[in-house]
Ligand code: PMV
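Single chain ahead, written as structure tokens, the form predicted on its own.
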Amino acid sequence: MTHGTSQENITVQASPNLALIKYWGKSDVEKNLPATPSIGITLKNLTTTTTVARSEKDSVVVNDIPVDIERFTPFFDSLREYFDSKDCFSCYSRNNFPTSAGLASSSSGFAALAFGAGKLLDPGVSLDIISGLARIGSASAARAVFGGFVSFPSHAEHADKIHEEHFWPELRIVVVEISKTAKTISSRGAMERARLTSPFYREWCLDSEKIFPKALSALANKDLESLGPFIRSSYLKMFATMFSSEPPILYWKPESLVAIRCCEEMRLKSIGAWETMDAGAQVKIFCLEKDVSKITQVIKEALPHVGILISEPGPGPKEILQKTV
């Protein structure tokens, strides 16, 4: 392996990867391996911009706020072990969307960090290796290392791209910003609580394995009417493990349920609006481009004070014009 460059810093832009078939829980906590298979889409226009620089010690700043380095230590240690390096890194990161609020900011954050640090240590490092390293920080980040449509099998060490970003040009994601406030329970903590205490957790894992190949087939056929019920089933069963945990995990807000009900009503009127949620209050709606205006109108009438973002499948991490930290 060739690694080590004279380059001292790199600036990277990455986007979050939104799971339509959910990852929730770990089969190996130490290695951060997923207990369930997932399928995700890297989102265009939502970005994390991260500058990674060689430094005397590891440090991370997100949106101008220093972050507890212990959260990042397993990632940095794995990075150094893989590349046989003694380098430490400083990281300055900024998101153009709410952080730690259920919009997969950890996926884009660790994808950008792994891509930047990996390229500093070895410019020729493969995306599979970067995906495996990003996984140590956040399993969903393993998917965000790739653009377009990505799968991440259960127990796997890295994710795999399955379709390019332009594979389904009509697909859109309407993001309903219910709350910009950071959640009180981290995804990682919530997953572990569900794994240890929910009576439904084992069935959730088994059911995810059944849904996964069917969803892959529906996606390959660009068939939203077939894929949509799997999207909905996956997130609702994931939340069933949260609601049944001890103590229960409640990310939903009243407005989240209003958005869910709106989607139900739209589907009854033959508008293809298939919602999903993650560990947060935000609601994301998968639809086709032709239905975006109808969906946004319905949501705005029901929830006039929420923010709405329109996204579509986007690219993976890339290096951008460098700046010093």
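Note that the coordinates shown come from a computational prediction; the quantities given were computed from them, not determined experimentally. Each residue number is its position in the shown sequence, starting from 1.
Form predicted in complex with the ligand: not shown, discussed below.
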Discussion item. Please identify the residue among S90, S187, S85, S245 with any heavy atom within 4.5 Å of the ligand in the model of the complex.
Written reply: S187
Practice prompt. Tell me, out of L79, M191, L227, V176, which residue has a non-hydrogen atom within 4.5 angstroms of the ligand in the model of the complex.
Written response: M191
Worksheet item: Counting only non-hydrogen atoms and a 4.5 angstroms cut-off, does E275 reach the ligand in the model of the complex?
Response: no
Discussion item. Within 4.5 Å, heavy atoms only: does A279 come near the ligand in the model of the complex?
Written reply: yes
Worksheet item: Taking 4.5 angstroms as the cut-off for heavy atoms, does L219 touch the ligand in the model of the complex?
Response: no
Worksheet item: Is the gap between V145 and the ligand in the model of the complex 4.5 Å or less for some heavy atom pair?
Response: no
Worksheet item: Based on heavy atom distances of at most 4.5 Å to the ligand in the model of the complex, which listed stretch, 57 to 65, 266 to 274, 22 to 30, 290 to 298, is the contact stretch?
Response: 22 to 30
Worksheet item: So which residues in 116 to 149, when you check the ligand in the model of the complex, have a heavy atom no farther than 4.5 Å from it?
Response: S138, A139, S140, R143
